[in-house]
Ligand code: COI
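In the block that follows, a single chain appears as structure tokens, in the form predicted on its own.
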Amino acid sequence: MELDWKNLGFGYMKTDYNIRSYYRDGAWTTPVLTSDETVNLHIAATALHYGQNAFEGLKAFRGADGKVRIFRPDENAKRLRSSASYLRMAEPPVEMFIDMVREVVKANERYIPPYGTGASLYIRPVLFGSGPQVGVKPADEYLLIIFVSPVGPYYKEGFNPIKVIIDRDHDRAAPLGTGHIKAGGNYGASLISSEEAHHKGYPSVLYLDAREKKYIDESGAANFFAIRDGKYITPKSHSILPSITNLSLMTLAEELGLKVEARPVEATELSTFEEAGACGTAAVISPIGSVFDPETNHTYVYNNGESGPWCQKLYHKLRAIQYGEEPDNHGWNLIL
């Protein structure tokens, strides 16, 4: 198999296997590997009608020592259970989830990009209601599928600053809605905002809270963070997804000497930050070079539009742990 590993985009590529388990009659079936890329779904499945679906995203890396590392799958398992609970779906057991991730990665090992290419194997678990209902109520059957795809950078810019535009015309999630879980509907609601931003030349948007349009919410499909006066500042609210990457960065930030503040962050603080970034599994860290506010026609520029020193330190520190270049003192990696 010959792939141009260094020039991979971020998209779906057919691999050898995906893995599946059904929840039926109160129990999960033994997970099965399959080469089938399709699903035979009932026309009244709750995933199609009532939004009973959630997903996760994590990565596997081929390290400097040749070993394969999967980054923090236990946290993804717990977050998927949280999403399932809120959407009243069956919750996959943590150990079953981790075992399925391990098995599907091993089965597709030839698609794990070589060390040094900057690419990784993206792992996508998706859970949805496969049982039929016409009334608005939970399904009695669920399907968990985990597939993989080799990927390059999420943004074509890679680890280079992106331009962001504030969007006050759309809400990503309601204040007491599903913003804190990884529900598919959240991302469906963001498509119009994302498309409009791209047409204006901005790779990402900055959402404000839906209630007052006063506080920073998320940056596209990623968590927002900023650096100011020796502090790592990141928004916290019920409508923000708890990012596993952000959780990791907060730990590393403290170890590197920054004080961490996870709190409501007012949009008026945008003018005070030294650096800003968006973080998540797909992009790891995307430094934010500037934020444009259409309401005031003002652009906030960070570090002269270049990636700042703290964004660089945090990015390279986390990547070094994921690739086995530095000790994994927190036990974050599952090594195959």
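Numbering starts at 1 and follows the sequence shown. Just so you know, these numbers come straight off a predicted model, no measurement behind them.
The same protein also has a form predicted in complex with the ligand, omitted here; what follows describes it.
In the model of the complex, G308 stays away from the ligand, with no heavy atom inside 4.5 Å. Proximity of P31 to the ligand in the model of the complex falls outside the 4.5 Å heavy atom cutoff.
Shown alone here, G280 lies within 4.5 Å of the ligand in the model of the complex, counting heavy atoms only. Contact annotation for I145: none of its heavy atoms lies within 4.5 Å of the ligand in the model of the complex.
In summary, among the residues F128, Y232, Y122, F97, the only one with a non-hydrogen atom within 4.5 Å of the ligand in the model of the complex is Y122. Distance criterion of 4.5 Å from any heavy atom to the ligand in the model of the complex singles out Y154 from the list F159, Y154, Y215, Y202. The stretch from 264-272, 62-70, 281-289, 35-43 that comes within 4.5 Å of the ligand in the model of the complex, counting heavy atoms only, is 281-289. Contact here is defined as any heavy atom lying within 4.5 Å of the ligand in the model of the complex, and by that definition each of F10, F55 and A221 is a contact residue.
Scanning 162-196 for heavy atoms within 4.5 Å of the ligand in the model of the complex gives K182, Y187 in sequence order.
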